[in-house]
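First, one chain by itself: the form predicted on its own, in structure tokens.
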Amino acid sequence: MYGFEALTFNINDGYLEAIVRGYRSGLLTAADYNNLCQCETLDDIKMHLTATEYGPYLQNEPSPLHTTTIVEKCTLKLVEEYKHMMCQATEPLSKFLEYITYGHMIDNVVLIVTGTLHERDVHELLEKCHPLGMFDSIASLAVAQNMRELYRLVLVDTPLAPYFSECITSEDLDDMNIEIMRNTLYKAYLEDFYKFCEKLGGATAEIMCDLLAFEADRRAVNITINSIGTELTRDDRKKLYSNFGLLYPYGHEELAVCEDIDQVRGAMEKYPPYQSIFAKLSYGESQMLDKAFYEEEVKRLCLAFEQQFHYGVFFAYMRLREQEIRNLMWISECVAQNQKTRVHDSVVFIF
């Protein structure tokens, strides 16, 4: 029943909510980002990060540093925090935390399958996989020739198995099919997560359904823009949109027939929350759209912390930390490649 979480929430989940709010206080601030943007070398970045919560993970790294090392160590911190929360969690929070990792599992599956298609070394691909999305049989993905084999040999024993029902075909895997597979899996995953959150009810349902609806709408826009000029038909495009969100169903009808970025803009500007996002872009421009969506997402994730006694804070924290790692990767790459003029192009300030 909504409004009564305060009576029972702390029995099982109060400790972990306190922990995650403590983790959140360790996120980098605008002052940290301003200092990082002034750095001249990767060692300067390391020196600054040593004074933050990333310190213990980076302090023993020898010079010369690489961007991949910084990202790897920062991701290691996130993984350790996630594992600590997972160890302490009871149902239904443990199931909720598992759901957070399914997106990474889908990305890892797509990475391995695409890499194998282009004859890349499996061990090299495994190193690039996100540690939160690993599962036991991931290395054997490389043997699959089509979707049916992929499912039968590997994925039937993973949490992704139910999401594969829609994309099992005997077609050989190629770049187009793999991208359709990724989006079909994501659609099934988001819909399943949405239903799970609705079932939990209360403040968790209210906050998480809003965050997931935003994610579904963002994916719908990205699918539309990326499929313009490809052989994907309007009906196929529409099948990849999630069956919930602010754009469902009428916005999806409009997006399915869009032929260029300005038509997408016209469809989206009818929805006030997205009007402000597209207002930041000039006509015909889509490069800065990702950043505008990330900024809006960060704003919504920060708001999740304003309310107590719900699971949305765990999702919000994981997403904010991932955004922070993306920021650090961008800053490190700009410094390493001597492109400091572009350093502010993709940094999304969190606080």
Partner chain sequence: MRGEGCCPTMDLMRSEEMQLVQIIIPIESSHLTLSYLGDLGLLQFKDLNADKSPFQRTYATQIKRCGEMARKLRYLKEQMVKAGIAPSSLPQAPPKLDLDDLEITLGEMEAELIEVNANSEKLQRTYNELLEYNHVLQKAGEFFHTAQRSAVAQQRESEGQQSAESSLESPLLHEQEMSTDPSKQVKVGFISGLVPKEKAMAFERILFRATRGNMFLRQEPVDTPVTDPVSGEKVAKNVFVVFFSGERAKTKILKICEAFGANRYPFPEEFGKQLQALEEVSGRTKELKTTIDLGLLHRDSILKNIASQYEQWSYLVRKEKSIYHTLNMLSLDVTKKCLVAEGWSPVFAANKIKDALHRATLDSNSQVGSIFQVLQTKEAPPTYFQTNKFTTAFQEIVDAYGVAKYREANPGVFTIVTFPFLFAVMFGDWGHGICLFLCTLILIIREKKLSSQKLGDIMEMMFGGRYVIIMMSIFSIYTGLIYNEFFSVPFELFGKSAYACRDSSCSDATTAGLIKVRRTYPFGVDPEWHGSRSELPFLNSLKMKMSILIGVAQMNLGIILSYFNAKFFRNSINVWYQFVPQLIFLNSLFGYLSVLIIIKWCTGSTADLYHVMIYMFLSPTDDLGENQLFPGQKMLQIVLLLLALVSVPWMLIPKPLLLKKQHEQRHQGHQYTALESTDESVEIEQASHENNSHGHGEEFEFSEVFVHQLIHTIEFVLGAVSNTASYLRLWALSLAHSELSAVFYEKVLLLAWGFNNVVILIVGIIVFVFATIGVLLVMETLSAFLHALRLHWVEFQNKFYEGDGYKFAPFSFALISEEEE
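Numbering follows the first chain given and starts at 1. Not measured: the values here are computed from a predicted model.
Absent from the display: the form predicted in complex with the partner chain. The rest refers to it.
A.B. asks: Heavy atoms within 4.5 Å of the partner chain in the predicted complex: which stretch among 22-30, 296-304, 312-320, 60-68?
C.D. replies: That would be 60-68.
A.B. asks: Given that the partner chain is left out here, which of V79, A161, V143, M176 has a heavy atom within 4.5 Å of it in the predicted complex?
C.D. replies: Going through each option in turn, the one that passes is V143.
A.B. asks: H84, H118, K195, R152: which sits within 4.5 Å of the partner chain in the predicted complex by any heavy atom?
C.D. replies: The residue from H84, H118, K195, R152 that makes the contact is R152.
A.B. asks: Report yes if any heavy atom of L200 sits within 4.5 Å of a heavy atom of the partner chain in the predicted complex; otherwise report no.
C.D. replies: Outside the cut-off, so no.
A.B. asks: Applying a 4.5 Å heavy atom distance criterion, does T52 contact the partner chain in the predicted complex?
C.D. replies: Flag for T52 set to no.
A.B. asks: Taking heavy atoms and a 4.5 Å cut-off, does H48 contact the partner chain in the predicted complex?
C.D. replies: It does: once the partner chain is placed as it appears in the predicted complex, H48 has a heavy atom within 4.5 Å of it.
A.B. asks: Look up in the predicted complex whether L289 has a non-hydrogen atom within 4.5 angstroms of the partner chain, and give yes or no.
C.D. replies: Contact with the partner chain, no.
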